[in-house]
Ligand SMILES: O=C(O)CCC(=O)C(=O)O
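Next up is one chain by itself, shown in structure tokens, the form predicted on its own.
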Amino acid sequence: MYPSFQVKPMQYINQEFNYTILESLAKKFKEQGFVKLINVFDNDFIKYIENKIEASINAPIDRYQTGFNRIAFDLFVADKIVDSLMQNSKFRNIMFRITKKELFYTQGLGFELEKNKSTGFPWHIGTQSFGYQQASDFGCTIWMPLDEINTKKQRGGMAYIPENIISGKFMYEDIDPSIVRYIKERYQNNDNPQLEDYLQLRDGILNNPYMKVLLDHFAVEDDFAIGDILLFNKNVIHRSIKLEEGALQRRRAFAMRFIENHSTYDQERALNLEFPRQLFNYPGCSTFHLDVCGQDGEIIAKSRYFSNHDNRHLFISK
């Protein structure tokens, strides 16, 4: 049953969503790693998410989050409305026909940019959100802006790089582990690494002047109406776009993280996320990477962390 504030059961997916384009979107998703979907969610679902985001996100506590006015990880845990979305046959159909994979919903995140002030995240990949699964396992994100985005006016959306031009795969497989190894070895050699060393490496690889020339050149930036979404895989390099001068005072967005059902826990990578936080004594944005599983190789979707496993699976009836 839906909560009592519901006048009627939610439809979730806009009745005008165009299903005939799914195969062409699947081809585009396979090639470039992302697709924009128009008019996906209906007004009731959007309003519910908007109200929850407004009540749940707070000022940043982690230095890595300070580009946002407000932000929160691990939202909508065991939320009946979000759980019901994952069981919605239309939503499942959209996700499966585009990704060609059966998925498992892991996390919800909320973000808010303030006009002329917030810079968001620079060029990055989902180190935090996908840093606990095997690097080769599939992961993807639905990014849903809760305010209109106009690239010719205030902007405030995101930019993203087609994976068939530059993929962020090397960051998961090579760079992220190397950064932690470098910091560990300096620490072991009494070389006194600083938090700033770690943060500059974490951001700097994709944001050094030469790489930035390439990324800025190949970047894609789209307009979004309310109800539109961006679906992108975890290898897509992306960044926030500053909300510029105009009538809108802030831009809010909701992100949903998904992994493939058979994805397994990589304990070493999860501990690599935690090591700099322990070394430099800063809080971090989430302990999900430690809490979700206890053993290396465990199937994440079967973890006891999730009290509502069945509600998070996007199974497709055979």
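So that there is no doubt, residue numbering starts at 1 and follows the sequence shown. Remember, predicted model here, so these are calculated numbers, not experimental data.
There is also a form predicted together with this ligand; it is not shown, and the following applies to it.
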ask   = Only one of 172-180, 196-204, 120-128, 77-85 gets a heavy atom within 4.5 Å of this ligand in the predicted complex; which is it?
value = 120-128
query = in the predicted complex, do 12, 45 and 315 all reach within 4.5 Å of this ligand through at least one heavy atom apiece?
reply = no
message = My question is simply whether residue 289 lines the interface with this ligand in the predicted complex - judged by any non-hydrogen atom within 4.5 Å.
response = no
ask   = Would residue 141 sit within 4.5 Å of this ligand in the predicted complex, counting heavy atoms only?
value = yes
message = I'd like to know whether residue 160 contacts this ligand in the predicted complex, with contact meaning heavy atoms within 4.5 angstroms.
response = no
ask   = Taking heavy atoms only, is residue 255 within 4.5 angstroms of this ligand in the predicted complex?
value = yes
request  = Could you work out which of 224, 104, 232, 132 is the residue within 4.5 angstroms of this ligand in the predicted complex, going by heavy atoms?
outcome  = 232
Heavy atom within 4.5 Å of this ligand in the predicted complex - the one residue of 240, 99, 167, 154 that qualifies = 240
message = Can you list, in sequence order, the residues from 216-230 that come within 4.5 Å of this ligand in the predicted complex, counting heavy atoms only?
response = none
